[in-house]
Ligand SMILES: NC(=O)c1ccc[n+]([C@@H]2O[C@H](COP(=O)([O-])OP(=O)(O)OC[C@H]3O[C@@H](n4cnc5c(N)ncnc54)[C@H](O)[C@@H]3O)[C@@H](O)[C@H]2O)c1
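Just the one chain here, the form predicted on its own, laid out as structure tokens.
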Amino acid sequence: MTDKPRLRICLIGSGFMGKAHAFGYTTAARVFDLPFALEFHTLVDINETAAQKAADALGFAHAATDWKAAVTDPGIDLVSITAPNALHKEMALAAIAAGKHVYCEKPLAPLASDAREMAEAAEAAGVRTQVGFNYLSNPMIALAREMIASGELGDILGYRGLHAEDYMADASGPFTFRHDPAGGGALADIGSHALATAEFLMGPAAGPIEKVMGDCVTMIGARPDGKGGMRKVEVDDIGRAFLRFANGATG
């Protein structure tokens, strides 16, 4: 038994990132001297079968299908959101309104205005928040930032960042939530990682990004819809940009 206060967690979604969050919580409690005792309270998924199976596998005490009821449950302290990108805003705002702390996967929202609304709501409510920019937690990235900020590497005039994934490279791959226009396409989904890393590394020395020249393209225009037909893809699967930072450095 522990005398530490409990932090009771609700996880929404048990796919790839849902499992990653659950594994992260489990590992953190074993590696770090946390100020809280983490309690896996409720797992929410699309149907009862999926929710109960994931709850049993990941060690959650309760399974549910109604995320709106879960995020207002007084027995929950923190809501961990790993649902598709288009759902992040609604879920996060509801959790914040209920006074819950929120750990939301990236991107917060496909639109900057929506992400800003979410951040301002959290600030006004006084709750703690975190975004799933896991690369920024890598000690190697933190060290690089320190070296840049201290001037150890001299003046940084150029930056090159590349985030490549292959899960949309196969034209025979089925249409998924990642191809939903409301989700933002590759620019929002993995481009957010590239942008966050650029700002994190370059910010102390080069300042914020002030100018952007970008291009988004759709290389695979249609995908199997799972019903024997094809569905048009309206989101980008490749995004490129030239950046100019405040001090004149480019990337």
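Being a predicted model, the structure only gives us computed values, none of them experimental. The first residue of the shown sequence is 1; numbering continues from there.
Keep in mind that the form predicted in complex with this ligand is missing from the display, and what follows is about it.
| request: State the residue from A241, V235, I238, M17 whose non-hydrogen atoms include one within 4.5 Å of this ligand in the model of the complex. | output: Result of the distance check: M17.
| task | Note which of A83, M168, L78, M118 lies within 4.5 Å of this ligand in the model of the complex, where distance is taken over heavy atoms; exactly one does. | result | Answer to the contact question: A83.
| Do A222 and this ligand share at least one heavy atom pair within 4.5 Å in the model of the complex? | Answer no; every heavy atom of A222 is more than 4.5 Å from this ligand in the model of the complex.
| said: Test of understanding: in the model of the complex, would P110 fall inside 4.5 Å of this ligand by heavy atoms? | reply: P110: no, not in contact with this ligand in the model of the complex.
| message | Since only the chain is shown here, I'm wondering whether K100 would be in contact with this ligand in the model of the complex (any heavy atom pair within 4.5 Å). | response | No, K100 stays farther than 4.5 Å from this ligand in the model of the complex.
| said: Residue-level question: is I46 within 4.5 Å of this ligand in the model of the complex, judged on heavy atoms? | reply: The answer is yes: I46 has a heavy atom within 4.5 Å of this ligand.
| request: Name the stretch: of 92 to 100, 110 to 118, 173 to 181, 149 to 157, exactly one has residues whose heavy atoms fall within 4.5 Å of this ligand in the model of the complex. | output: So the stretch in question is 173 to 181.
| What residues of 202 to 230, in sequence order, lie within 4.5 Å of this ligand in the model of the complex by heavy atom? | Residues within 4.5 Å: none in this stretch.
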